[in-house]
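Only one chain is given next, in structure tokens, and it is the form predicted on its own.
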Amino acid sequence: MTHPDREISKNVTVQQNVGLKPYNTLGIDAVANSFIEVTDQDTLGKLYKEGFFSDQKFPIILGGGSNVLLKGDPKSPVLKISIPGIRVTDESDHFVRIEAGAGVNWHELVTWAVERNFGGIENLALIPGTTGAAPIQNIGAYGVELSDTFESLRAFLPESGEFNTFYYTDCEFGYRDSIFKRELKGKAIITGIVLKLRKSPHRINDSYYALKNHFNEAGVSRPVIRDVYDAVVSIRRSKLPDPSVLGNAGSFFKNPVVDKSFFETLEKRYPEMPSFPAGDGLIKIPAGWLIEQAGWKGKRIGNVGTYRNQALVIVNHGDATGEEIFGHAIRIQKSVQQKFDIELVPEVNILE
């Protein structure tokens, strides 16, 4: 039975039976029973007054849909956060604060900053998704994390109907982690973030091995932020498939972090194993290398596979269901666990 769309207040319409394939980069053809696109934070207040959050399950929040796996049709309503806008809120000779709406495409924000010679997030170029999702995951790449430039965010709290500002310490950032993936999971909807970027002098972070190799081959000895941006874009495009061509959610698993003694035992068996110091006597091992060694790179089973250029990426070769993608991920986890005694943890948010 098809239900008509329902307008619950001016400019706020609940759409019924909306296909979500265009809203997730894995290309899963799930259907939302209820779907609302939020283009300003006032909409959330209107929804609260209408009792939207009190009489329904907490909604699934979608930004760019680049870090989610929909296992099936969502049981909860879906809110697509599309709040726009980038602006400078404060600046001095050396620093600038910028505010961005949660619906701003993250790569577009990085490009915007680099074009204005604002440094600090150039290493995070071409990470898919929206700005509002960035602090939830504490996105990171090539030696830099969002938390390095983060100042605060604004979030709506559906339980109280209030907005709250969360500062750096409130967010409890960790490796691909924050309080919004733990205690506040399902209790906060991010509407915008504030970053503190550097005008001059810039602090170039080119310590990551892929960047070093890129600059050595290009003969660039003193890169500027535009060089870093261009290098990251080039490297990522060479390794990662375009979601519009081949459905994927980027890195499916986190890089595991192990204690040094375990790593040294493992290194005796696999002396060629790459690694990076993670502080406090911990070592980070690239998950892609583990998956490749377990025989999964480029392997395809039905509609699902592991990308031929980067084993960390699970791809949708056709009309794969969420359950098929999930099953492929579980097989990879078990294989790596058996070979290395390391448990891979999904970086992608798996939504029931």
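Note that residue numbering begins at 1 and tracks the sequence as displayed. Quick caveat: nothing in here was measured; it's all calculated off a predicted structure.
Omitted here: the form predicted in complex with a small molecule. The next part is about that form.
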Exercise for the section: Given that the partner is absent here, state which listed stretch (110 to 118, 166 to 174, 206 to 214, 88 to 96) has heavy atoms within 4.5 Å of the small molecule in the model of the complex. Expected result: 206 to 214
Problem - the small molecule contact in the model of the complex: residue 274, any heavy atom under 4.5 Å - result: yes
Exercise for the section: Mark residue 141 yes when one of its heavy atoms lies within 4.5 Å of a heavy atom of the small molecule in the model of the complex, and no otherwise. Expected result: yes
Exercise for the section: Find out whether any non-hydrogen atom of residue 240 is located within 4.5 angstroms of the small molecule in the model of the complex, and reply yes or no. Expected result: yes
Problem - 4.5 angstroms heavy atom contact with the small molecule in the model of the complex for residue 137 - result: yes
Practice task
Kindly indicate whether 303, 326 and 331 are, all three, within 4.5 angstroms of the small molecule in the model of the complex, using heavy atoms.
Solution key: no
Exercise for the section: Identify, from the list 260, 199, 71, 254, the residue with a heavy atom within 4.5 Å of the small molecule in the model of the complex. Expected result: 254
Completion exercise
Checked 311, 320, 32, 283 for heavy atoms within 4.5 Å of the small molecule in the model of the complex; positive is 311
